[in-house]
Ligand code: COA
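Given next, in structure tokens, is a single chain: the form predicted alone.
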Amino acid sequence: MSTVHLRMHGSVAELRLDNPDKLNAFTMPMLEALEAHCATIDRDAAITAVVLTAEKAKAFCAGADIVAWGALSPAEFARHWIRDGHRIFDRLARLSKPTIAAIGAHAFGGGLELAATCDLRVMAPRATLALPEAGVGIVPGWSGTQRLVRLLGEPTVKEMALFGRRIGAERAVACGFAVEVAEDADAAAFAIAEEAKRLSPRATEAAKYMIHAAVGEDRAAMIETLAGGMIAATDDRNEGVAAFREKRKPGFTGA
């Protein structure tokens, strides 16, 4: 059964796509599993980094399973498949932990959009990137025309989405989309994840929120998250909560 596994390697969490018979293409159960795992990861303070991988196949992820969405009505396709997938991918993009995608094979359509949600990407030499949706009469639906434009640039995304061209690993590095080309993309991604262990988890979390706010990745939530974390550490916050519980007026000091 197609799914997404959550496995722990010490303090590093691994999210592994498991649908190799269909080139790790996404099904609704996989989307639902990914969303549940993201919630688990964000609540676990012991996790220092996340690596996104896939079972061995000719593709890291071939996108969305056409069988899964092909029979949907236009309303179901728009309201559920597109909107649910977009929400879940956004959930992964906005994890508080650093994330690295290990693109060991081709990443097409939704698979490329999935990799784009991570903070860093490592690619195998033979892996390629593509947005082939127009070839089956649809358009990118899980941020391919939005988040991906920020990462690869408008001309490159147009090249893929409007002309069906593929981008190789070396060019992906030159564009800044990938940080490294490695024969064993999984091993390289885990090596990067290990580096996070020597850094302050709270500092990297705050830095990620600040960077996301700068590039427009859910800016409103990022700003309020940073402000909420700051105010939660004040004496006034503790006094306000205590006063509410004791049914009295608070005595704020500004500390």
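Everything numeric in this text was worked out from a predicted model, so none of it was measured. Sequential numbering from 1, following the sequence displayed.
Just so you know, the form predicted together with the ligand exists too; it's not on screen, but the next bit is about it.
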| query | Do Val136 and the ligand come within 4.5 Å of each other in the predicted complex, heavy atoms counted? | reply | yes
| query | According to a 4.5 angstroms non-hydrogen atom cut-off, is Met30 in contact with the ligand in the predicted complex? | reply | no
| said: How about Phe190 - does it come within 4.5 Å of the ligand in the predicted complex, if we only consider non-hydrogen atoms? | reply: no
| task | Consider Asp236 of the chain shown here, and say whether it contacts the ligand in the predicted complex, taking contact as heavy atoms within 4.5 Å. | result | no
| remark: With the partner omitted here, the residue among Arg150, Arg166, Lys158, Arg83 that in the predicted complex has a heavy atom within 4.5 Å of the ligand is Arg166
| remark: Within 4.5 Å of the ligand in the predicted complex, heavy atom basis, the matching stretch of 194 to 202, 31 to 39, 61 to 69, 215 to 223 is 61 to 69
| Non-hydrogen atoms within 4.5 angstroms of the ligand in the predicted complex: do Lys22, Phe108 and Pro132 all have one? | yes
